[in-house]
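First comes one chain, alone, set out as structure tokens in the form predicted on its own.
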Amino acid sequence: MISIKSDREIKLMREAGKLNFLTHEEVKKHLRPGVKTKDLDKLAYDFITRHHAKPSFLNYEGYPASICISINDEVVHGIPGERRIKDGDVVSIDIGVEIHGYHSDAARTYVIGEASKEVKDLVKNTELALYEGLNKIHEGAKIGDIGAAIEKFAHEHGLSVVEELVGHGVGTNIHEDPDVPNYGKEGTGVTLRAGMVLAVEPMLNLGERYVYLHDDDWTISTDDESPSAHFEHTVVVTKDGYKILTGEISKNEEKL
């Protein structure tokens, strides 16, 4: 069932989104060659809980960490551990935050140090693809409009779209209806209504689109070992567009 959020619920989700943004900023400060992924995970856990909130992912369906850290050919759901980040790595950070029972979900991808122009363009264009999708959002639009825009932009820039993984609704659960694919046909799918909250999250590959699940039952990587990038925002649908709940905040908003 697709829920329409009240003003009160959206306000709470904005708080969760604000803390999500600030957690990303905190993790970003420590992203460098040599850092262990488990140390970034602990930093995020400490930052979120210090602000009287919960990491949405921790123990979600058994997931053993607070955030997802996926490197190079890992598309999503990489589990933090002893691995150290290296110069040239493509690092995707996915964070969920719960406040007062409401969630936010956002992801970013970084190139650590030096990398090829191809890899830098992958990351840049995956972020741009996210906004191509977001710009189709308004009351009366269709879910398919979002995916069609992302897919078109990806293919125009030589990137493939992972089809096994999709965006989703967000609310009192981190994953709610409707699914928000990163591919599709304009004018098809669920009609958007003001008050819907969606996580839009293109996952694009430099090589082919095909992926596989690791033995840990979480990490998903590209079949051909090509690098992948992932960007995501939680947004609320409005009458004439959308508002990002997990985006940049003003200085006077930073106090939580």
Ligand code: MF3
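Just so it is clear, the model here is predicted, and its values are computed rather than measured. In case it trips you up, residue 1 is the first one in the sequence shown, and so on.
Beyond the structure shown, there is the form predicted together with the named molecule, which is absent from this document and is the topic of what follows.
Peer 1: Which of 53-61, 204-212, 23-31, 183-191 has heavy atoms within 4.5 Å of the named molecule in the predicted bound form?
Peer 2: Selected stretch: 53-61.
Peer 1: Of the options 176, 151, 94, 145, which one has a non-hydrogen atom that comes within 4.5 Å of the named molecule in the predicted bound form?
Peer 2: Spelling it out, the residue with a heavy atom inside the cut-off is 94.
Peer 1: Does the 4.5 Å heavy atom contact test between residue 15 and the named molecule in the predicted bound form come out positive?
Peer 2: Taking the distances in the predicted bound form, the answer for residue 15 is no, it never comes within 4.5 Å of the named molecule.
Peer 1: Check residue 9 for me: does it contact the named molecule in the predicted bound form (non-hydrogen atoms, 4.5 angstroms)?
Peer 2: No, no contact at 4.5 Å.
Peer 1: Does residue 45 reach the named molecule in the predicted bound form if we count a contact as any heavy atom within 4.5 Å?
Peer 2: Answer no; every heavy atom of residue 45 is more than 4.5 Å from the named molecule in the predicted bound form.
Peer 1: With a 4.5 Å heavy atom cut-off, would you call residue 136 a contact of the named molecule in the predicted bound form?
Peer 2: No, residue 136 is distant from the partner.
Peer 1: Even though the chain is shown alone, can you say which residues of 69-107 have a heavy atom within 4.5 Å of the named molecule in the predicted bound form?
Peer 2: Contacts from 69-107: 77, 94, 105.
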